[in-house]
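Presented as structure tokens, the chain that follows is alone, the form predicted alone.
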Amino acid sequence: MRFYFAPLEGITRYIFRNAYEKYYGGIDKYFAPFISPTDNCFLTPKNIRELCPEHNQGINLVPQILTNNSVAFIGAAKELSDMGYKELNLNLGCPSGTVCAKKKGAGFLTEWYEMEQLFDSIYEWADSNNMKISVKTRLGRYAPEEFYDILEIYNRYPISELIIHPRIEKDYYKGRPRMEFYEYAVEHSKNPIVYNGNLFSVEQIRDYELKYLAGRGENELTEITETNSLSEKEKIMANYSFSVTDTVMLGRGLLYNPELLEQYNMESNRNGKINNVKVDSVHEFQDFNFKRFWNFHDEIYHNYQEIMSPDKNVLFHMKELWTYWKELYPDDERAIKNILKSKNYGEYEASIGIIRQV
């Protein structure tokens, strides 16, 4: 399996990416939060600072572009190519109301004629400039059945990877992913596909493997996934080759649980190691992860302090992370509330001190 880290606006910036790669790793590609080029300004100083190679060393990073305009896309693509990037991603999945109202992101998915015009231009440019362009998409804007026609459009272009979040714009992130339409893509896409959506646990990742990589029937799948033996699942999986669906993109799952991929790999390999550090007991495992999380936290916190001021700007970003990290400390509800209410560094550090002293 290959794993991609999804772009989350305002969260997975270069400071976060570098810290995550240092302390956890296991990511094959990171996708940067989208940039929105215009005809008059392709990359802002903030975009350049975020994507410059010196801020992303040792990371396989793919910039993401949000636009419905070929001039803006190609203009940004040229500047990114000059920075050394060989792969870009087109965002056709953002469900934000303000984005979709401008017919961008998932809001562009009903504009099929305009979509074809955009694709004609950007893939012609890509072919001449040795650039890969992947697409991150939803099923449609108003109804999942829109995906049948949208996939026909995608199939006419050399999309390097089609990353599918099987919801429509109006679903936002609620309800179950519409997996029957993802299954349709598995059968009918002419381009490599990547799954994205609602993978929050090791078991969910393993069940995805069983269903979409083993290629077995639904009855057999139910029997396999209900077994209590992971080793039995692995024996079954060993008899089947991986298909184009051997890649998944994770986002919120890695924020809720930074150790998710490591737990998956440890269960798959059962080698008793974390980041090549031998762990001999449950207590040692818990102690290592506790210390590591706080090193991860401190690196992000202090690096934000170096590039931002005043306190409230840094705390805004840290509080956003704690809306996910609070799941790691369900018994510290009061301290978490104080973190989210903190107004300065002193209040914030006093609140996190209560948790880290446990």
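Predicted model only: the values in this text are computed from it and were never measured. From 1 onward, residues are counted along the sequence shown.
The protein also exists as the form predicted in complex with a small molecule; that form is not presented, and the subsequent description refers to it.
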Residue among 30, 34, 322, 42 with a heavy atom within 4.5 Å of the small molecule in the predicted complex: 34
Listed residue that, although the small molecule is not shown, lies within 4.5 Å of it in the predicted complex (heavy atoms), from 258, 75, 107, 251: 251
Options 6-14, 21-29, 331-339, 344-352; stretch whose heavy atom lies within 4.5 Å of the small molecule in the predicted complex: 6-14
Residue 64 within 4.5 Å of the small molecule in the predicted complex, heavy atoms: yes
4.5 Å heavy atom contact, residue 200 and the small molecule in the predicted complex: yes
4.5 angstroms heavy atom contact with the small molecule in the predicted complex for residue 113: no
Partner contact for residue 142 in the predicted complex: the small molecule, 4.5 angstroms, heavy atom: no
